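First, one chain by itself in structure tokens, the form predicted alone.
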């Protein structure tokens, strides 16, 4: 009886082992098939660091000083340049071999800028003073490359001139018009100078303007609707389709200790003010230049140019607050809400933000130079933000922007759910893919 019982247990263990082995082979096979059609990630992920299960492919290098980028339904990439490359301001990349590398490079447009966006069969592209569009009809480069002017007449300015673009589901185009100053001072960046009150720049700058996306020959100061004001500069601008709302991440003001040393020391100046993540409704006022956000005090603070001392709230009491804040001077330059199916569920409808990196934290080390992720639910952040892609700068400590090997600038989602990141230094383009945590852990 005892031996019979032993044989029965051994038999059950053998059967269990057999089915476990089959199930594991089936699971591994399914996992392999899910990623077998993806290009192999670079051994070092193109020099950047990513969460477990993710990999990156360097799809292009040295395309020029890249700003924003967009990807069409065939996986072709359109990149706007800050400086002309072979007399071209828009670079087009295509992969004709299917190996994940872009082997065709072309270009068009004789002007520089930042914004580029695909919308309803057109490629919208901005210069610093206008927005154009090109009809794309079965060709990489638009026929004749003669654009249709959608909006012109934006002010000519020497700072914060980037015209980033966003489009809603109702035929509207949104354009960032940055403030041409730090804090609207009577004498720009001069210690102790008061601010202009009211600030005249708020009339046609320092906010978001709404236009008809399909109407040609609009003029900013005539046809534009000031959708939101009091935003110093929001290069990171995007419409969130799941929340049906506009969002932006603002560049905060600079030089608190340089301009008002009686109220701020260098450490405070390096850590203030917050970079603000904004949910924007029609008519919102976010307070610039009169107010800035202090994440240590968790409130809007009256700017020293307008009677503030680093503690007073004053006229900022009822200014619209941010939905989330980030460390000072990181320079948020693009925003992407993830709608793909490649990445794990936690990323669905969440926000990716590209931080270009600071220049003004001296005498301390510069920071930023990364892409972060913010989980979202019901149109609002649902958890703490986290670093997603790091290592762009190529050094543990960056004292000057010139020390950074790469600076992340633009974000775009491909048709398969992968994400593309552009670099403004050398024009390197990464494609970030999700493989699988199990496969990633295998040697």
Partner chain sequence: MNKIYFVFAFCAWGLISCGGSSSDSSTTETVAETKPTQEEPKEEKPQVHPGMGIYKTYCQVCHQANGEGVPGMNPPLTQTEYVLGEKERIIGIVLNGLSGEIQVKGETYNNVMASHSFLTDQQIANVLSFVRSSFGNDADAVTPEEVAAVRASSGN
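Residue numbers count along the first chain shown, from 1. Just so we're clear, the structure is a prediction, and the values are computed from it rather than from any experiment.
Same protein, other form: the form predicted together with the partner chain, not shown, and the subject of what follows.
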| query | finding |
| --- | --- |
| Contacting member of 191, 98, 344, 198, with respect to the partner chain in the predicted complex [4.5 Å, heavy atom] | 191 |
| Heavy atom within 4.5 Å of the partner chain in the predicted complex - residue from 382, 387, 400, 62 | 400 |
| Contact flag, residue 82 vs the partner chain in the predicted complex, heavy atom cut 4.5 Å | yes |
| Partner contact for residue 274 in the predicted complex: the partner chain, 4.5 angstroms, heavy atom | no |
| Close approach of residue 406 to the partner chain in the predicted complex, 4.5 Å, heavy atom | no |
| Partner contact for residue 318 in the predicted complex: the partner chain, 4.5 angstroms, heavy atom | no |
| Location of the partner chain contact in the predicted complex, chosen stretch of 357-365, 302-310, 134-142, 68-76 [non-hydrogen atom, 4.5 Å] | 357-365 |
| Full three-residue contact with the partner chain in the predicted complex, heavy atom 4.5 Å, for 114, 210 and 225 | no |
| Contacts with the partner chain in the predicted complex - residues in 241-255 whose heavy atoms fall within 4.5 Å | 255 |
